[in-house]
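The chain below stands alone and is given as structure tokens, in the form predicted on its own.
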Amino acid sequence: MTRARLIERALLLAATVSGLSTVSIFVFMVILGLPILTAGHFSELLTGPWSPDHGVYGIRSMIVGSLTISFLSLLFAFPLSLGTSVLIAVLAPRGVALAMKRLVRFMTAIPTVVYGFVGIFLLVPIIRELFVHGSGMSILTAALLLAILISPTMILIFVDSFERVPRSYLTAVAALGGSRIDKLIHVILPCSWPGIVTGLVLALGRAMGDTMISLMVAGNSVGLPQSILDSSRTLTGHIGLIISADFDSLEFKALFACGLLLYLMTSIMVVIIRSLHFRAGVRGW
């Protein structure tokens, strides 16, 4: 058997194991979550409040908290990431661009808990003093901190997408007398939109799947938030807090519904990315 054939079979085996592992995780969560999903509590689970003392295990506020914090962090991070990417790939001198890119790569290696500590001792007091509302542990605080966390991911993907634009396109713009801004607006951004969308979706997935930041600075209130200055609890934070409950209790079983929702949200994001890449390949972008 040739070396190429061996490599091909090894990669096929790895892909098969990976796919089966993903399906196994989904089946595992469905089986353990069946007691609460089949007991006629599914609608209450999605729309009701969280009150285990009264036999109510609704995760509505956690869903709202996860979506609000994730999308708000994306709203904060996108302009920062896009501007930094443009500076690195288009506007900055080569030496400055390389230094900035290395710094961004370094930021991706910082543990999430470090961001959480910085948020507790620096950002929380600022938010509390600035808005004079609550403890400072709020949706806004968590979203700002998550924006810093997910920005390096978007920046690196955006820069890579900008650098993949064919040089011949940029040369043609320069030959017509176009500036670097003209190249950016008329060539780079239109050709890079699949990469930009990929960066947005992956960053959203990371924000939605993060546990430590939401656990440390969002406040973990199980009530439905009324504003971005209120405390909230995310699905991941909820899983982290309730995981020590009795294995046989419905309180514990409800965690697998949280896991299923996160699984489905992530799967939808992956499908979106794949479909966009497929369309971009068909259209020749």
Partner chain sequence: MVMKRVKESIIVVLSWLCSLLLAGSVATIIGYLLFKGLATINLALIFGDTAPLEAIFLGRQVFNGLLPAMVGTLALVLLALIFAIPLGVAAGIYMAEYGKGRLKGWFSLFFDILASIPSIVVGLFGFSVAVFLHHNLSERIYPCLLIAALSLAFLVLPYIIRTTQVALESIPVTIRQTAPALGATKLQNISHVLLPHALSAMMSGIVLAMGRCAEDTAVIMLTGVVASAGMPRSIFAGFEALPFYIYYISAQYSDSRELASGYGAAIILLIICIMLFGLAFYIKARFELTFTARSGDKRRISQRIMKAPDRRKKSLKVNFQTEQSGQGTLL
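If you superpose the two forms and keep the largest set of C-alpha atoms that fall within 1.5 Å, you have the rigid core. Being a predicted model, the structure only gives us computed values, none of them experimental. Numbering follows the first chain given and starts at 1.
Not pictured, yet referred to below: the form predicted together with its partner chain.
Fill in: its partner chain: the contacting residue among L98, V113, L130, L75 in the predicted complex [heavy atom, 4.5 Å]
Spelling it out, the residue with a heavy atom inside the cut-off is V113.
Worksheet item: Quick one: does T198 come within 4.5 Å of its partner chain in the predicted complex, counting heavy atoms only?
Response: No, T198 stays farther than 4.5 Å from its partner chain in the predicted complex.
Worksheet item: Does its partner chain come within 4.5 Å of any heavy atom of T84 in the predicted complex?
Response: Output for T84 is yes: heavy atoms within 4.5 Å of its partner chain.
Worksheet item: Should G33 be classed as touching its partner chain in the predicted complex when contacts are defined as heavy atoms within 4.5 Å?
Response: Residue-level check for G33: no, no contact with its partner chain.
Discussion item. Considering non-hydrogen atoms and a 4.5 Å limit, does its partner chain approach L215 in the predicted complex?
Written reply: So L215 counts as contacting its partner chain.
Worksheet item: Which residues within 47-67 place at least one heavy atom within 4.5 Å of its partner chain in the predicted complex?
Response: The stretch 47-67, when checked against its partner chain in the predicted complex, contributes no residue at the 4.5 Å heavy-atom cut-off.
Worksheet item: Aligning on the rigid core, do we see the C-alpha of T16 shift 2 angstroms or more between this form and the one not shown?
Response: Yes; T16 is a residue whose C-alpha shifts (by 2 Å or more) between this form and the one not shown when the cores are overlaid.
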